[in-house]
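Only one chain is included here, represented as structure tokens and corresponding to the form predicted on its own.
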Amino acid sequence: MEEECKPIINTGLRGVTIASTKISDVNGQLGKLVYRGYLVKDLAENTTFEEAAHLLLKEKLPNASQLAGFKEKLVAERDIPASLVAALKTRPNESLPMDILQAGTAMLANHDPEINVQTREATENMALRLISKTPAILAAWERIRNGKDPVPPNKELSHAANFLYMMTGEIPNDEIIRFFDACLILHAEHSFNASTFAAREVASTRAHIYAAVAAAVGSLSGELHGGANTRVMNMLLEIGSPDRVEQYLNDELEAGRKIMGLGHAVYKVDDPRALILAPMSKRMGEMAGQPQWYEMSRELELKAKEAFKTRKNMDIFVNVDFYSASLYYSMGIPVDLFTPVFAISRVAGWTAHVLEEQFAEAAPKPMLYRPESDYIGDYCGPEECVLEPIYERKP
């Protein structure tokens, strides 16, 4: 008698290709990340976030006139509805910032004049609004929860500079702006990660782009996806000083606990984004008079790599969160805003994926995602359960 065929279960969809994309590629073996064919290193070092966003949405880097027009559209969409600001003021101050960002993203749909228009042009317009307005929501919330009025956008500032200005009320210096702009580029896209998959799955139902991005924000809020740089910073705060790194590392390894910011689901070498962030973290720490955060990170990286090689005969590598934590902290960004800052960057990638999911011209045409499952709820044996009247049911 032949054995009954059992379905192959790919837990977490690891190794399962579910769609094709032209947006980005992650080569974990070589440590390469590309946006539409361009190395992210080249983009971070030689372009602005606005250029990278144009590349993601419109499939090519802009020339000077195209960039000017694109920036003009982004700047024009920076204001958020007064009713949304009023709603934020009703939220408890202790609300989780990612919950605020997710709710605010969904509420933006109520004010979009094209919400019922199902064309690529209209969806692209909505993508621009999301890229412009999500930072404004986060900046407004940071002000409101601290008892301050939101700061209106400054139309003369770049996307990166304007967010920092709306959050603090002060225009940062050029070096900080450049560092933050590079951070936004580095976090803008990373292929079919959990939040991007969430956005594309919702988009596959033909839901509007706000619903898809709100779902992505919700996915990013989970500790197994977003939030790692927050935990890296909490780790550094717990360590306290470079001379305590070795003892902390030994204690954590002896207890079998994970060292935050080390290891990645895809990269088998150091994350290419971490290599760009590390020198910025060092410089930012020096500028802020807080060099210890970078020093601890660097010491922990070196000693952890040595310890993993010695104890487990394996290599361990830094990921993007390892140095972004100390960089953001030295910039004065509150620790609980690290993941929302990730989101206001990644919204460029999410919206690009929604556009591709709903309007790609590739064959086969995109279709509703509908995976199968293996039902194992064998409650009543091989037959269906008999429904008993409520007075005969046993506890």
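From a predicted model like this one, the values you see are computed outputs, not experimental measurements. So that there is no doubt, residue numbering starts at 1 and follows the sequence shown.
Keep in mind that the form predicted in complex with a further copy of the same chain is missing from the display, and what follows is about it.
Trainee: At 4.5 Å between heavy atoms, only one of the stretches 278-286, 202-210, 119-127, 318-326 reaches a further copy of the same chain in the model of the complex; which one is it?
Mentor: One stretch meets the cut-off, namely 202-210.
Trainee: If you check Leu302, Leu224, Met314, Ala255 against a further copy of the same chain in the model of the complex, which one has a heavy atom within 4.5 Å?
Mentor: Spelling it out, the residue with a heavy atom inside the cut-off is Leu224.
Trainee: Can you pick the one in Leu164, Met296, Met107, Met260 that has a heavy atom within 4.5 Å of a further copy of the same chain in the model of the complex?
Mentor: Among Leu164, Met296, Met107, Met260, a heavy atom within 4.5 Å of a further copy of the same chain in the model of the complex occurs only for Met107.
Trainee: Check Tyr369 for me: does it contact a further copy of the same chain in the model of the complex (non-hydrogen atoms, 4.5 angstroms)?
Mentor: Tyr369: yes, in contact with a further copy of the same chain in the model of the complex.
Trainee: Does a further copy of the same chain come within 4.5 Å of any heavy atom of Gly147 in the model of the complex?
Mentor: Although a further copy of the same chain is absent here, Gly147 would stay clear of it in the model of the complex, with no heavy atoms inside 4.5 Å.
Trainee: Any chance His190 has a heavy atom within 4.5 Å of a further copy of the same chain in the model of the complex?
Mentor: Flag for His190 set to yes.
Trainee: Flag Phe359 as yes or no: does it have a non-hydrogen atom within 4.5 angstroms of any non-hydrogen atom of a further copy of the same chain in the model of the complex?
Mentor: Heavy-atom contact with a further copy of the same chain at 4.5 Å: absent for Phe359.
Trainee: Taking Leu43, Pro62 and Gly218 as a possible spot, do all three reach a further copy of the same chain in the model of the complex with a heavy atom inside 4.5 Å?
Mentor: Each of the three qualifies.
Trainee: Does any residue in 71-91 get within 4.5 Å of a further copy of the same chain in the model of the complex, counting heavy atoms only, and if so which ones?
Mentor: Sequence-ordered list: Ser83, Leu84, Ala86, Ala87, Thr90, Arg91.
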